[in-house]
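One chain comes next, on its own, written as structure tokens: the form predicted alone.
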């Protein structure tokens, strides 16, 4: 069987939802080609007033903290020695690696001169937060790639490479935590220069710290949503016992974030605060529904131990994080007399990036052992692996 026929047969066997995701990715790829052919001015609604649009607000400023589960869980498991959470690490690493890889795609599309993107590595501007974020994103994506190589090495039986990667595991975890702390906070540093543009409800000197703490909160919530979804839709084991541990940590991190927000608003920010009703509404929705409500939910044992309620609370935190990043990077700086709306090309690309993240995670989970602590649930087509059967896990010989 040729490789092309094998791929076609595999795709035919995919679930209808996976095929729909493939369609969205193809449409996004075509929209990206239109952007490169006609340029930013003709295909986006960005201008001199709004040089940063949807691609920066979501694909970068929002996607980076949503991919923070990898460094958060890695630090919890390896640095704080909560080893029982280790089954969640590999899926979190895959999510982080895909998230940062797609962030790079979004950045490439947003650059006016993408062919000069490599200049950041040659012409260093040590005083620019953009330089720090660029270098850290590249470094952290590399670290995530190296961590992702472990299931790849297991998949293809590269034993020597696997031993080297296992030896590098702890240094990579420490490096990941350090790099992520730098660039998660530096995303907030971007907006410290917007003194006269960003509204007082969000502008304050603690933006870097707030960005970092909120990324930790959203990272753990993404893991809760991801693990629950894998159990429900992909037939993976129910990790409810492990997720309860994360749910016990979340009230502390959410409480810290809420306290920092209150302190920064009351003691460090300079008004006026409630002069624009729309922004006031966005602020209240973000803080109350996105952080305060799930904080109280996670303090309840009945919520932490119930899969459905736990996912709802985690989803509210993710919603609050997304709205916060849009409030800071877009809505809070928007001129009410000149509103920015993303174009169809911008929207299709962003939808495709979201679809691509889900699609690639599903495909990686299908063909690579990212659920390493539950090998009986893995279904591979390559000989020599473990295949799920009705009677349990049975090794598949080279001849089968």
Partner chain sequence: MSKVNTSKNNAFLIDMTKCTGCRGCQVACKQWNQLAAEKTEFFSGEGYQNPPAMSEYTFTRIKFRDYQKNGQNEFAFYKEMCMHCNDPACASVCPVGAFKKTAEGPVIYKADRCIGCRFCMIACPFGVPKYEWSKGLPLVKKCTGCYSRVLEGMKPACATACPTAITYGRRDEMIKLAEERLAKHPNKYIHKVYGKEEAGGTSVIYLTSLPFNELGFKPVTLRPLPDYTWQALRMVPAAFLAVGGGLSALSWITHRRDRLKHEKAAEQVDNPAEEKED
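Positions refer to the first chain, counted from 1. Given the structure is predicted, the values throughout are model-derived calculations rather than measurements.
Missing here is the form predicted together with its partner chain; even so, the following discussion is about that form.
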item: The unique member of 89, 146, 103, 179 whose heavy atoms fall within 4.5 Å of its partner chain in the model of the complex; value: 179
item: Single option in 84, 308, 301, 116 placed near its partner chain in the model of the complex, where near means a heavy atom within 4.5 Å; value: 116
item: Any non-hydrogen atom of residue 35 within 4.5 angstroms of its partner chain in the model of the complex; value: yes
item: 4.5 angstroms heavy atom contact with its partner chain in the model of the complex for residue 263; value: no
item: is_contact(residue 150, its partner chain) in the model of the complex, heavy atom dist at most 4.5 Å; value: no
item: Contact label in the model of the complex: residue 195 to its partner chain, heavy atom within 4.5 Å; value: yes
item: Segment assignment from 57-65, 350-358, 36-44, 22-30: heavy atom within 4.5 Å of its partner chain in the model of the complex; value: 36-44
